[in-house]
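Shown next as structure tokens: one chain only, the form predicted on its own.
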Amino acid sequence: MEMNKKLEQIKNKKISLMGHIVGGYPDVESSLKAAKGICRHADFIEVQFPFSDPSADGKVIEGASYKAIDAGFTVEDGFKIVKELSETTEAVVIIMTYANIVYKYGIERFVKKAKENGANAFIVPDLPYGSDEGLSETAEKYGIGVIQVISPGVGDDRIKMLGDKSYGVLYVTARRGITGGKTDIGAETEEWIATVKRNCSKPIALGFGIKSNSQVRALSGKTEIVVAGSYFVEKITSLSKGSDFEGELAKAAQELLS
């Protein structure tokens, strides 16, 4: 589904979910089924194209990425997953990856292929706006967006600029560091969200360490979207070959939001 249409649909929701899977983990078919399960309850789904040297991922997602690469995952496999999700779910499909993957494939070729396969946006943490090797300009050319990422410590002017340039939503990390560790939703997090809100009119998607229903409840009314990645990858890791990946991940998504 197109980003603007989805944002219109969710504007009266208390809170919305952006799920995340590592493409090809534990294998291409299972990762696709897991994503479909998440999409029963999530309005947005990030499909990570794994890279061997991630800069923002903690041990859970990093380990899953290594295993997907070792199993032979390719960029073309990633596009197949994106295409299937865009055709069979109502979620906004987002490609999350790192600069090396995009650059090696060819920026324009990557963007064009992503658009052809139904992706709505990119998240590329190590290609920030202003130093993105032309990704934003190329994406605009093909009618696809780049979601910008900000972390605590960013100044007001930078928040305003990235909020303005970000496509549809602004991805806000709940804390500094890498993914995986649980984040305490307290006064410091709430003040950081308030700072972003004062400087950005777009909906925000808050991620890094969202692993429980209690966290989601604490964030309800404060952020429009919560992002859960390691939570879902840990669930996928707990399943054995032949498990009902779609059903189990749908249950995990529902438990996070219930």
Partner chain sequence: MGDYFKNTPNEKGYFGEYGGSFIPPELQKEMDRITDAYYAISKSHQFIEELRSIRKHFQGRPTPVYFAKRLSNELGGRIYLKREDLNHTGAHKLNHCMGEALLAKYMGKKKLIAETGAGQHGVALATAAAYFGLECEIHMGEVDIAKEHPNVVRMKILGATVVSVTHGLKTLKEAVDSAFEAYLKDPVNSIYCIGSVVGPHPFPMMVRDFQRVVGIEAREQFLEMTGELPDNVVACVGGGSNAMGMFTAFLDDADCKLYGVEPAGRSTKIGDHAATITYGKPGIIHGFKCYLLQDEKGEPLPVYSIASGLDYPGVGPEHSMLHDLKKVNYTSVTDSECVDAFFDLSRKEGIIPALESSHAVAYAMKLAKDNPRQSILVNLSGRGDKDIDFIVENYGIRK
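Residue numbers count along the first chain shown, from 1. Predicted, not measured: the structure shown is a model, and the values here were computed from it.
Keep in mind the form predicted in complex with its partner chain is missing from the figure; the text below concerns it.
By the 4.5 Å heavy atom rule, the three marked residues Arg40, Glu234 and Thr237 all fail to count as contacting its partner chain in the model of the complex. The closest heavy atom approach of Ser212 to its partner chain in the model of the complex falls outside 4.5 Å. Mapping the unseen interface onto this chain, Leu162 counts among the residues with a heavy atom inside 4.5 Å of its partner chain in the model of the complex. The closest heavy atom approach of Lys104 to its partner chain in the model of the complex falls within 4.5 Å.
In the model of the complex, Pro152 approaches its partner chain with a heavy atom inside 4.5 Å. Between the options Lys222, Lys59, Arg217, Lys197, the residue in contact with its partner chain in the model of the complex by a heavy atom within 4.5 angstroms is Lys59. Comment: 154-162 is the region of 154-162, 88-96, 139-147, 114-122 lying near its partner chain in the model of the complex, near meaning a non-hydrogen atom within 4.5 Å. Applying a 4.5 Å heavy atom cutoff to its partner chain in the model of the complex picks out Pro50, Phe51, Ser52, Asp53 from 32-53, in order along the sequence.
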